[in-house]
Ligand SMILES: CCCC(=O)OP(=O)(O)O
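Before any questions on binding or motion, here is one chain by itself as structure tokens, the form predicted on its own.
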Amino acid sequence: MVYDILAVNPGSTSTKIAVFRNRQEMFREDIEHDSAFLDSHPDIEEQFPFRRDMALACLEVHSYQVEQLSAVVGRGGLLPPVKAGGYTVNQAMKDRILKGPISPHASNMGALIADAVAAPLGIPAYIYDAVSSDEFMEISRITGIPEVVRQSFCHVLNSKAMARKAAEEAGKSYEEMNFLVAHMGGGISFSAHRHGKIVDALSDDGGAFSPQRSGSVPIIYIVDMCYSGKYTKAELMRKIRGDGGLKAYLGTYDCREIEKMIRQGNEKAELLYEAQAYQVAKGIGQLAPALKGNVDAIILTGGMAHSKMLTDWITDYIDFLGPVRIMPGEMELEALAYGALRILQGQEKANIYRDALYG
């Protein structure tokens, strides 16, 4: 059977789309959105019809007839913890996204856009490997504060996609292998994959600092800052996410600029950039016990994995744990489409989303 699948990945300033015929990419587009419009329409309920219409217009530009589609799959957002894999978009899911409570994030629109395109065509709409997918071991959930329970929060979609690709290239299935994955972008997250499940992870505020985020900072210092009277909550959040990390030290989060500084002899930039690599290595090492030393590969992925300087430093720190695979960039659209394809082909079963708040 031949299936045409539209994959939709909404981001903060753009919506990425692609059409796949089974595993073959037909075309893709990164649709940039006007910042003035986004600023004046901050709610996803206001944005998603606009983004849907732009995606459909893009299909028309490519002379693609939507009637050819077999399914539409969107990026899964910040729903309450769900299983990894695919979910059919239903009313309960849409109610949670539109009525809340749910953390605001552009990825929440993935389900809405997929459903809005698919429903008039009478074809299924899915999400796949949502950001909030949670496969943790019970021991992974425990913190030192009983009121706080750890939940999985990492770059699930791309981390699993790269792990699947690495397994496929090794001639094995994802479920047969164990991986430690570092996704390195504007935020950095880590995940331990054991036989097809992410059994533990460090979120982008729980591990290494990144180009724009502070990462894990000793909590006593944060408590002192909260009660110092110097910062509002919004200002502190901005120091943690947006203005932290390399940007806070060097005034830029562009790794190309930082490497240029290093080549020009900037010793401070070199120290901080290697500290970035060192903290990534520490994050990988922190999750190694989850696999009890049985590591088939360590995967470095995300945009920062394009930096040979950075990946060489990281590799030098952690290759004693296992072979290191450099898999730069992301394949989130492929991951969405391939996941939907496995459902359509009967290799996986789509889950049904149920919500205690909305039925």
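Note that the coordinates shown come from a computational prediction; the quantities given were computed from them, not determined experimentally. The first residue of the shown sequence is 1; numbering continues from there.
Missing here is the form predicted in complex with the named molecule; even so, the following discussion is about that form.
- At the 4.5 Å threshold, heavy atoms of residue 155 reach the named molecule in the predicted complex.
- Among heavy atoms of residue 160, none comes within 4.5 Å of the named molecule in the predicted complex.
- For the chain shown alone, residue 117 is not a contact residue for the named molecule in the predicted complex, no non-hydrogen atom being within 4.5 angstroms.
- Although the partner is absent here, residue 194 sits far enough away that none of its heavy atoms falls within 4.5 Å of the named molecule in the predicted complex.
- Though the named molecule is absent from this view, in the predicted complex it lies within 4.5 Å of a heavy atom of just one residue from 239, 105, 83, 150, which is 105.
- Among the residues 283, 187, 124, 244, the one placing a heavy atom within 4.5 Å of the named molecule in the predicted complex is 187.
- Taken together, 21, 69 and 164 are entirely out of contact with the named molecule in the predicted complex: none brings a heavy atom within 4.5 Å.
- Contacts to the named molecule in the predicted complex (heavy atom within 4.5 Å) from stretch 190-204: 204 only.
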